[in-house]
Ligand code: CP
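Next up is one chain by itself, shown in structure tokens, the form predicted alone.
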């Protein structure tokens, strides 16, 4: 009986989603205007919403948040920045890092939070007697909260919720249009993960220490790698693993299109489900991005090992939870060690090239074994930590508190010791 109810509930959900189909099918450029308001992000749904100036701004503000949070008084000041707001964390798909970093970012800025992490305990569950629609849940949340951060396995659901908010605002019954932040939607979009990835890459390629002074090692690196430059531009980025089903790769690639002279290498099993999708490949070709597709970390490009030529390696796990029986047969006949990093492979990489991973990593398959964690190029735990700063900066942008943050930062670090030189 419960299976019948569940199927009926899903049918209703798909019917509700179908109402937004004409909006979903529009070109991305036409969608973006619906997600912005007064020159800034209103809803954060797609990676394509981020321009390079906006990325630079958010990363700068993330640095400010990081530094203010570094001492007790600065952290106290941050806690007043958005303390008038209340957020709903609506995560009906399993999540650890994304949920916790959003919760921590809200807490850091003084935003009170509530959460729904299992639809079975809400009124929308299909097995219960109430059977509220998911769209009704979103509409009710908008009555109580100032922000909805949501993760769903349903493709396009966050996008449809943004359209719902806009639609309700346009009607004449005083419904609030609150921001919808996409914390992962289906297999396609994860814009805030891509944001923290770019923030991590930018910090890494500044070649600066914690005091924000240039490391002497940079000049030594330039002696060994004469073409090396600071910044995200002019770099080769490699992506390895489940590329077809991994929304983190798609989202980060989209953000990297904002930078100059980037090259990309895609390493995956030679299977249509796991290699780069045709749509993303065609988009890269249209943008004149230089790309290579290979089926092993040991592959060569122009007669040289690819790992010796890249500036950044983005590892991903094979997403076993999406496997079908035919996928299991493919894995049984495929040597997956071609997509697992090893200390020997890391030795062939450039000495400055960061290793990233969106987590979780597969502790059984071991695409990155723990033996690599102590390598200075292993940046994935720093990357996870950066989610706090990047997402806090994004919240500050969405709620137009940028100038308040900058003034707070300026005043907090205004005192400069002058060594009393006037008496000399």
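What you see is a predicted model, and the numbers here were worked out from it, not measured in a lab. Residue numbers count along the first chain shown, from 1.
What follows is about the form predicted in complex with the named molecule, which we do not show.
Although the partner is absent here, residue 193 sits close enough that one of its heavy atoms falls within 4.5 Å of the named molecule in the predicted bound form. The named molecule in the predicted bound form is not approached by residue 316, whose heavy atoms all lie more than 4.5 angstroms from it. Contact check for residue 258: no non-hydrogen atom falls within 4.5 Å of the named molecule in the predicted bound form. Taking the partner from elsewhere, residue 92 is found to have every heavy atom lying beyond 4.5 Å of the named molecule in the predicted bound form.
Among 139, 97, 77, 345, the residue placing a heavy atom within 4.5 Å of the named molecule in the predicted bound form is 97. Site annotation in the predicted bound form: the residue of 151, 203, 245, 134 reaching within 4.5 Å of the named molecule with a heavy atom is 151. With the named molecule omitted here, the record of contacts in the predicted bound form names 351-359 of 62-70, 392-400, 351-359, 44-52, defined by a heavy atom within 4.5 Å.
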